[in-house]
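One protein chain, two forms: both are listed below as structure tokens, the first as structure 1 and the second as structure 2.
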Structure 1
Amino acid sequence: MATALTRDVVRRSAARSAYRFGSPLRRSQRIAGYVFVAPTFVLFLAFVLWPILYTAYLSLTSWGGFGAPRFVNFDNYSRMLHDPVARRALVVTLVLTAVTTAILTFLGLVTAVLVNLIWRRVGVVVRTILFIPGIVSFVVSAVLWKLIYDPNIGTLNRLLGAIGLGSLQHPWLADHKTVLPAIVVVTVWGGLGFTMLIYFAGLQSIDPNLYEAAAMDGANAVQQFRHITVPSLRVVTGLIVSLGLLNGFKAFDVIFVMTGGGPNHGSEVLGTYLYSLAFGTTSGSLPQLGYASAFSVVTMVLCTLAVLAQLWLTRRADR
């Protein structure tokens, strides 16, 4: 890390002195550099950076989409603290994120270790089966699972009835107690293949000599797993955890399609609440773009924290 940085600094100062002497080769490179980067950068300014700044500004205003936004300072944020739905959305977002991240990390590691143990050919098949749910769109998987969870005739309830567990039949998505677990299942179903594959790649990069040495010292499989596999995968785990957090904080599609945040805000997350505030038409009232933007800002802050967490975990693991 440090050497790469030094090298970079040396190279850059060399480049800088080359500019000073105005070598024609260097100059054409500099011009080409800016020309090549310009198109992407213009798009970035117009459709990423500006929207970020504009959201931050809107979050300090009260605006229904007509006329000029009215500046209200941090009112939207204090309103958030007193809005029970907002509090609920924040709690649900954090809980869903924590639970799915934990399950995905654990199941991903376990399945990767198992896939790594079995025969190569079979492993490819297993990996494909586990991965396909991840390439299907969120809308498709949400619609599909909504049908499976259907209270009257859904497959889940029919299966429970068929195996004599009819008493467990349930309106899964319409009950406060089961709606979140139901969403966790769908999210894990879609995300496991990716987690498993990253762990799988991590496992393959562990030096097999470590295991041999440990076996010579009399370590059993569990001890080897705890003292070699888990520590060697620390960077991978950091990555998976932070990606899990990132995906959790921006959760939207699955919940929007399956429950729309219901029943009675039972599965409301930041994304669905901000969407209904900004674009919802059910209440018939004006869109609350200022208030909704405050949720955008909170989402962005959470996502930034997830990325910083990963940088921090990676750096710690490097030492």
Structure 2
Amino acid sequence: MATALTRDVVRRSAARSAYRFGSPLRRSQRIAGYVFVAPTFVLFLAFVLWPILYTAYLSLTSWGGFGAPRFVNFDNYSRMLHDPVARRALVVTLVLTAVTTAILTFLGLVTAVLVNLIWRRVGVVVRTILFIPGIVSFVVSAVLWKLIYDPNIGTLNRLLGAIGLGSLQHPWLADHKTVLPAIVVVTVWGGLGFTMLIYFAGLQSIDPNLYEAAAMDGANAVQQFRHITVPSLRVVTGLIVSLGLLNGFKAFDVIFVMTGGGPNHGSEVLGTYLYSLAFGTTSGSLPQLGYASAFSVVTMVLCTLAVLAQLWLTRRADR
């Protein structure tokens, strides 16, 4: 017995020594791992980390794309604080992000529950119909909706006139009050299918026994939804909110195609204003790559803070 224990102790000591100093096989495995990771790491350095660092450097300079950048410390960030268009773009971005994220999260959950419980027999058809807008390019969607909102030939105004609501006809994208809601509709239309699909996949992971036990205890459908469905989908909801925040802060293509940030900066977001500053496409202005880089850094910081806050809230709720 003592001999067996001694052999076991010696074997464990040898295993610990081999782990500590590394056996030839382990070293070869580590080298193979480094070799496999190296291409991805090089690409990450070249196309992710280096552009971020270079953009942060340019944000501290005054540069129009020609000649050598001139170092101006934090003047671009100070200018941003006193730029009324920048403040307007930040407010519109925050409003658009909050509204679209809230609507997509709510409608996605409700639609997924309806497809899972009530429309089960036609669920595939409904899911396909809802998901079709998600596979259409955002640029194509923006062009289509721009035609729909057109005050002269648009389908929306014609439909309102045909059903006797001609008084509601409106230049939807040319009015300060209606341009942002019109863009919210397009964004929700394009993202609802994807959100619904994620929630639908999450619903499949909930144990049906929970609903049966709740029903036996007398819980109605609303109570089951509140006390079983919503808590069970907390992680899925966190993912959807994170994606909604990221998509909201980097909104660009739909707004750029539909309004270009107008009218009078009514739909200006950080992305469209950044583009106009970087490439000088509005009113013949010259490129301001240094100032545009400062916008990029601020946008990245906002995205990071939003996602970190959302992850912190999700983890706190899980405790």
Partner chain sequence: MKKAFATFVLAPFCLLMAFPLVWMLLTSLREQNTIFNGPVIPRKITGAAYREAWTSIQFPLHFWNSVWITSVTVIGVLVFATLSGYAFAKLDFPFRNTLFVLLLTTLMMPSTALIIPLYLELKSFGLLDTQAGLLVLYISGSAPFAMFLMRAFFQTLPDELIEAARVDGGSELTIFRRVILPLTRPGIATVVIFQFLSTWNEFLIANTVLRNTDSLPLQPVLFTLMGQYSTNWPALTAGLTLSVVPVVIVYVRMQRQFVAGMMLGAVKN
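Just so it is clear, the model here is predicted, and its values are computed rather than measured. Numbers follow structure 1, counted from its first residue as 1. Note that the rigid core is defined as the largest set of C-alphas that superpose within 1.5 Å between two forms.
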- Item | Of the two forms shown alone, the one predicted in complex with the partner chain | 1
- Spell out whether the Cα of Val297 moves at least 2 Å between the two structures when the two forms are superposed on their rigid core. no
- Message: Quick check on Ile52: with the core superposed, does its CA move 2 angstroms or more between the two structures?
- Response: no
- For Thr40, is the CA shift between the two structures at least 2 Å following rigid-core superposition? yes
- In Å, how far apart are the CA positions of Gln310 between the two structures with the rigid core superposed? 4.9
